[in-house]
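What follows is a single chain, given as structure tokens, in the form predicted on its own.
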């Protein structure tokens, strides 16, 4: 039984420092924290970066890396005698193929730099622009006060840029309405959706916009406690955040920043799973309600935004909500679009929300080969045929097309790709990253991956006899969004590319 004064929040970090979940490490962590060994084992084995001790090369299995030749690289590494592990997307799709060395250092085998939109001071985030250390928006927000700032946030139309698209101002209003005065601001920097690397570039190029947005949020909801949860594979980005906090000097001195590293679990990008991880537990999503704005970190009201969302706040405060709204086309604001795959200049482009795929690809140097399909918002959005290249890439139009904006991780596939194989790569990702909490997701993701593998091996569509029923059960019966969308890659590929699923 856990002691009342146990220090659960420390166990994941302590396991990392000890080299992973070993018998000696678990026993030591139990003694230090007061958490039972069985509980520590359960938590440690949940996170891929600490579950299995020992050094090895980690090779990205993301869609873009697979298209770039991850299997061939794995064979080459294996033939050299090195130990390796195939892992989920490492967030380096624009630099594919990506690996983490035995010492957890990033190594890529594609291009050497990320392309971004040229400097334009009119943009909300402006990745290529100069770094501003003035924190003028924070000072202006203090002068305006919470009511006026939230009014501008509402006028801006800012929606959550992490995938849900929930209006930001509603979260802020909810926090302000809580009677509990102990509150937290939490930045979700656990970017792990395949095809997505926009938050990575924001942290590396404009970290002060993220920090300033967090500080504004904290000041407006009347708290000083700010947590930043960053994915464990983002080593350079972790260093960038800590360096930016130091560079800010006295501008942020009133706030208590805590930067927490994740340990390899895609599901922790879901906000309640992130909270569980912060509290030293397995990253399993919570049932809602209550929502985090009512009962979040440590049971207290918590405002959670992803990196891109919170980095838009300084521009909104500085220029006003209408200015941000007018940056969009079909919906409010400018948007960071990631694009990789079969295009000339993979990267992150800040464009009006609602541009088409053709416009995005034009900014990215054009198509490579004959385009066949695209994934508009990461693995969760499935696939669309290239005939939809003129569809506005926004929340409503993509939803109406049976897809989703998601994290705006666009991947372009040309006609050299077998869509059944592409669906299989995405299915394997979801099977691997399911937290296992609910049966529809845990069993369904494994079933669909196996059936797709069976089709790829034998070429008989009978493998998909029950796929639609399983997909329905996953969507209707899963606790969180992962299970609800895990069948989408296969469903959409079969719908739009039936020729790729015929008898061979």
Partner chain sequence: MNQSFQITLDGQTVTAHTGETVFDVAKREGVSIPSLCHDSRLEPAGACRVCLVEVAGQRRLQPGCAWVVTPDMQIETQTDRIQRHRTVLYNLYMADHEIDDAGLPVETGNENQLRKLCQSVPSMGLTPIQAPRSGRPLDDNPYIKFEPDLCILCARCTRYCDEVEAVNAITLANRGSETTIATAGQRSLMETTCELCGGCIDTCPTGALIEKKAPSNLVQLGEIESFRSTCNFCGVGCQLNLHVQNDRVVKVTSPPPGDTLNDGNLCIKGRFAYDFIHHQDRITEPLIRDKNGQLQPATWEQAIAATANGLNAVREKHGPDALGFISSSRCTGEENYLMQKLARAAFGTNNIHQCAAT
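Numbering follows the first chain given and starts at 1. Because the structure is predicted, anything quoted here is derived from the model rather than measured.
There is another form of this protein, the form predicted in complex with the partner chain, and it is not shown here; the text below is about that form.
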property	result
Check all three, 65, 201 and 347, heavy atom within 4.5 Å of the partner chain in the predicted bound form	no
Contact segment among 95-103, 314-322, 110-118, 262-270, judged by heavy atoms lying within 4.5 Å of the partner chain in the predicted bound form	262-270
4.5 angstroms heavy atom contact with the partner chain in the predicted bound form for residue 18	no
4.5 Å heavy atom contact, residue 461 to the partner chain in the predicted bound form	no
4.5 Å heavy atom contact, residue 435 to the partner chain in the predicted bound form	yes
Distance check, residue 484 to the partner chain in the predicted bound form, heavy atom within 4.5 Å	yes
The single option of 282, 329, 208, 183 touching the partner chain in the predicted bound form, heavy atom within 4.5 Å	282
Neighbours of the partner chain in the predicted bound form among 36-66 [non-hydrogen atom within 4.5 angstroms]	36, 37, 38, 39, 41, 42, 45, 46, 47, 48
